[in-house]
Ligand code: NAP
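Before any questions on how it binds or moves, here is one chain, the form predicted on its own, in structure tokens.
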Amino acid sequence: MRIEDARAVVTGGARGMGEHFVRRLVECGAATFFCDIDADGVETVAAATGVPGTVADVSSEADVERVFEEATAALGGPPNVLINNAGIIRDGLLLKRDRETGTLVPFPTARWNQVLAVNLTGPFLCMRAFAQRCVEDGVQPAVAVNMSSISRAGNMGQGNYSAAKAGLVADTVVWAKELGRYGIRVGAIAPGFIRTPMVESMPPKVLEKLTNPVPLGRIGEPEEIWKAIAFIIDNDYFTGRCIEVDGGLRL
């Protein structure tokens, strides 16, 4: 599929990598729609790019259905590209000992559920809504890109995030097998540490600790993740696989 032929939906498109993906899609001539839970961010990106966006929580079934209804209207037809980018982090150890009291503090169930809801249930809801519209309207070809993470291999302090990102890659394989008959491809990307406002706000010593183990000696750029997305969209024989873009880092 040529990117300029895309009618694309980007989740989490108001900041970080998602905002970069929205901008690059527009530059490539794709009709684009995005959503984000950050209302101010949606307004800012929509004004800067001219791309329609909406405030939505991808873990809400009702919100997701609304997103795809609005996207279909705004794009002049059902989307044929989905970038499942929205995600959150709620890190913490399974058990942590309080330094003052010595009491063992277990990881809160609520924080586990929050990450699974947004990072795994969210992509499921979006993929289901996307695929249903493609099949019902005979939209072919179509492609979805799921944003996983290097943490899918298991990163200390990220039990919830690692589980969600590993599950998303597994579902990428499942959905590729199930939807190939309808002309829908499904791929995934597992970025390493990427330059985003959140990463750039880290103290220099923390950032140095992150980059030291990377064989290429630096964090990645959003554009380098975009190039992987562009490859998946463009290559009609790519499906059911995960591309790792991590500078060679192994956790």
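Computed from a prediction, not measured in an experiment: that's the story for all the values here. Residue positions are given as counts along the sequence shown, with the first one as 1.
Below, we refer to the form predicted in complex with this ligand, which is not included among the displayed structures.
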- [ ] Using the partner position in the model of the complex, report whether S148 sits within 4.5 Å of this ligand, counting heavy atoms only.
- [x] yes
Open item on the list: Since only the chain is shown here, I'm wondering whether V169 would be in contact with this ligand in the model of the complex (any heavy atom pair within 4.5 Å).
Closed with: no
Task: 4.5 angstroms heavy atom contact with this ligand in the model of the complex for T49 - done: no
Open item on the list: Does any part of Y161 reach within 4.5 Å of this ligand in the model of the complex? Heavy atoms only, please.
Closed with: yes
Open item on the list: Based on heavy atom distances of 4.5 Å or less, which listed stretch (101 to 109, 85 to 93, 173 to 181, 131 to 139) is in contact with this ligand in the model of the complex?
Closed with: 85 to 93
Task: this ligand: the contacting residue among V214, L207, A30, I37 in the model of the complex [heavy atom, 4.5 Å] - done: I37
- [ ] Between 211 to 230 and this ligand in the model of the complex, list the residues on our side with a heavy atom within 4.5 Å.
- [x] none
